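Presented as structure tokens, the chain that follows is alone, the form predicted alone.
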Amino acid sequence: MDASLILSNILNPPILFFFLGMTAVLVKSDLEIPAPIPKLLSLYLLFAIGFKGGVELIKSGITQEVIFTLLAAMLMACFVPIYTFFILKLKLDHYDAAAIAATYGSISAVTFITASAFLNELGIDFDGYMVAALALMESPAIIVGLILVNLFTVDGKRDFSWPDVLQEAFLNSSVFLLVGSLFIGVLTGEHGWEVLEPFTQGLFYGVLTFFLLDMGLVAARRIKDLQKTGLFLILFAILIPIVNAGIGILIARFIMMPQGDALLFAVLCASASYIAVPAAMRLTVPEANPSLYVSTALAVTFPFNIIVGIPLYLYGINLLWR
């Protein structure tokens, strides 16, 4: 693998600020971002990427390539929780296995945004409609995870309401804002982009950088939770993203995605949710241990993907697309 890809990624300001956040915890600095600010930053990032994706989607139109990409995204969102569930059941009960499997079937929007920034830095083009794939991959994993819990519960009865589950899956704040911004981008097109560009584009990298500073703080604090999980989950949190990215790259090659789109698709397949799915699992599968599914996604998979995974997946794509 070309070490310059990893070096180029690590030397991006957002990644360096992520390391700064982790370092602050490790050296016991009192650096802290007040709680409402990270939530505001994450909402801004979802709004900006969703709106831009909508504008790009209306430019490209609903082509065969777009349809194949979105179908592939939904397929992976359903497939990943199923096969990872059976791997996890080798060591965990079905509640924890289903919660973690759903987490890895879903996506991390910030990992996707970081990969987009990496492609921009390298001057590699990608299509804005990939945001639609991002929006479609979050909810199916929640549904599949709960179906798995139902199937493997001995008495076959679960104390939760399916309407509440569906509302949490499809109308949680992340999905709602992302899809809503995408739709508004489609409706307003180029005119809307010109109006909002100073806000959605000019501030974007600064907000992403500050958000990753906070993510570094949070990830470093979550590392302590991993001491209770043992080596199995740590290896799972590193190897499964690589496997999922590999499957995603093969699918991308099969449907002839451009290299930039292929990287974003691979990143979506490889990432794990640490916001929407954990919130849904806390509500619907209280028997599962949150420290397992949150810490694996946030303290291992997220840093692995943004530091090593993104350039690693691009390297694999470059080999296959030659």
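No experiment lies behind these values; they were computed from the predicted model shown. Just count from 1 along the sequence shown to find any residue number.
A second form of this protein, the form predicted in complex with another copy of the chain, is not displayed here; the remarks below concern that form.
Colleague: Give a yes or no for residue 196: in the predicted complex, does one of its heavy atoms lie within 4.5 Å of a heavy atom belonging to another copy of the chain?
Modeller: Residue 196: contacts another copy of the chain in the predicted complex.
Colleague: Report yes if any heavy atom of residue 163 sits within 4.5 Å of a heavy atom of another copy of the chain in the predicted complex; otherwise report no.
Modeller: Because no heavy atom of residue 163 falls inside 4.5 Å of another copy of the chain in the predicted complex, the answer is no.
Colleague: Does any heavy atom of residue 230 come within 4.5 Å of a heavy atom of another copy of the chain in the predicted complex?
Modeller: Although another copy of the chain is absent here, residue 230 would stay clear of it in the predicted complex, with no heavy atoms inside 4.5 Å.
Colleague: Wondering, does residue 20 line up within 4.5 Å of another copy of the chain in the predicted complex on heavy atoms?
Modeller: Residue 20 belongs to the contact set for another copy of the chain.
Colleague: Taking 4.5 angstroms as the heavy atom distance cut-off, pick the stretch from 136 to 144, 84 to 92, 198 to 206, 240 to 248 that is near another copy of the chain in the predicted complex.
Modeller: So the stretch in question is 198 to 206.
Colleague: Only one of 234, 75, 124, 184 has a non-hydrogen atom within 4.5 angstroms of another copy of the chain in the predicted complex; which is it?
Modeller: For this set of options, the contacting one is 184.
Colleague: Would you kindly say which of 223, 171, 71, 151 lies with a heavy atom within 4.5 Å of another copy of the chain in the predicted complex?
Modeller: The residue in contact is 171.
Colleague: For the stretch 14 to 31, which residues lie within 4.5 Å of another copy of the chain in the predicted complex by non-hydrogen atom distance?
Modeller: The stretch 14 to 31, when checked against another copy of the chain in the predicted complex, contributes 16, 17, 20, 23, 24, 27, 28, 29, 30, 31 at the 4.5 Å heavy-atom cut-off.
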